[in-house]
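We begin with a single chain expressed as structure tokens, specifically the form predicted alone.
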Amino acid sequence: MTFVSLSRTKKTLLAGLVIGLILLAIYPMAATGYGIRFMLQLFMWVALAQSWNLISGLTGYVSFGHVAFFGTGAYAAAILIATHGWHWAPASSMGGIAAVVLALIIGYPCLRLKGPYFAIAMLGLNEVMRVLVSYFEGLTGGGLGLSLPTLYASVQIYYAAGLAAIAASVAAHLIITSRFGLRLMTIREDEVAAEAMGVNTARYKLYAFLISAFIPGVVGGLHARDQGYIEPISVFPLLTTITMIVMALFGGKGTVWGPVLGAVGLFCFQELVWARFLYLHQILFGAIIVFVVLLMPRGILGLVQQRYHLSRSL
């Protein structure tokens, strides 16, 4: 493919992106309540898939407990809103900060582990956080959950979730196309070689870990405000992490647009199948996981890049 055709492709993609953002901005003016909530949830899944991609797609450290940051952000925001009367927007931001603090505490020991040990440690973190919020009943409501004051703000949360998805994607683009991202991908390919070349692998892994924790923390806060009620089992489910992973893998991990494509495709598929096949949708979702792992290891975007020789930074 020539330089001119590549330039035209990028301009076309940019124009399409601008048009898409404009349409999404005016969408609530004509959409039904269901349509707004559908897109709100889709935005959240895009942000969550991107957050998992930033640590696992770029460094190769597969996290099976990323939902721990989502749940931590949800409870931090819910407590601030319900107990201290905070507005949901700054409370959601504090949810992101709470998730970063958690990531900072467990990042140093966990990121020294490799392969399945890191994955198991993150899975254990999720269970620990679920037990902790269940134990501290006076603060979190324990197993009974935590109710938030009634508020009809779906449109406002729609825009906030959209900004979160855009911010996560922009962050992915900036990181992947930077020297920081190059160092992360070097760690993914061969961490020992990266250290031999002078890369401070511990520092860069921690930076990526903190960034990837902030995003689900904010999304968790928005989710808590949107739902109006949370409980440990609803914000710390393993299925949420698995869905993030599958979305990133399906679209193409380690890329900018892969998690977006994966989130859009699988969320729409889930919504369509769930509405028609209530008891079969999880089986079909599991079949997609097997299909992706065996036949599409680089995801949809990987196939497109290979077919049309596009840049891997997309």
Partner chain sequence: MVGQVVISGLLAGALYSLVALGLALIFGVMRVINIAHGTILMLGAYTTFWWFHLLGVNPYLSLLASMPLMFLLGLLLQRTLVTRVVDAPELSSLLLTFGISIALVNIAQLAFTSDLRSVEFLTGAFLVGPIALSKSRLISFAFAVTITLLAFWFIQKTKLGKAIRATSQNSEVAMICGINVPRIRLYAFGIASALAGAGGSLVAVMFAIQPEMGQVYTFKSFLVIVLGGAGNYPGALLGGMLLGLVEQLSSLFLTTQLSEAVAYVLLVLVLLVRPSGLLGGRER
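Positions refer to the first chain, counted from 1. Everything numeric in this text was worked out from a predicted model, so none of it was measured.
Here the subject shifts to the form predicted in complex with the partner chain, a form of this protein not shown in this document.
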Work out which of P116, P90, G85, P149 lies within 4.5 Å of the partner chain in the predicted bound form, going by heavy atoms. P116
Residue (of I81, I175, A164, C110) lying close to the partner chain in the predicted bound form, criterion heavy atoms within 4.5 Å: C110
Should F43 be classed as touching the partner chain in the predicted bound form when contacts are defined as heavy atoms within 4.5 Å? no
Y135: heavy atom within 4.5 Å of the partner chain in the predicted bound form? yes
Could you tell me if G60 has a non-hydrogen atom within 4.5 Å of the partner chain in the predicted bound form? yes
Indicate whether F64 is a 4.5 Å heavy atom neighbour of the partner chain in the predicted bound form. yes
So in the predicted bound form, are L21, G96 and A171 all sitting within 4.5 Å of the partner chain, heavy atoms only? no
Option from 154-162, 68-76, 214-222, 122-130 whose residues, in the predicted bound form, bring a heavy atom within 4.5 Å of the partner chain: 122-130
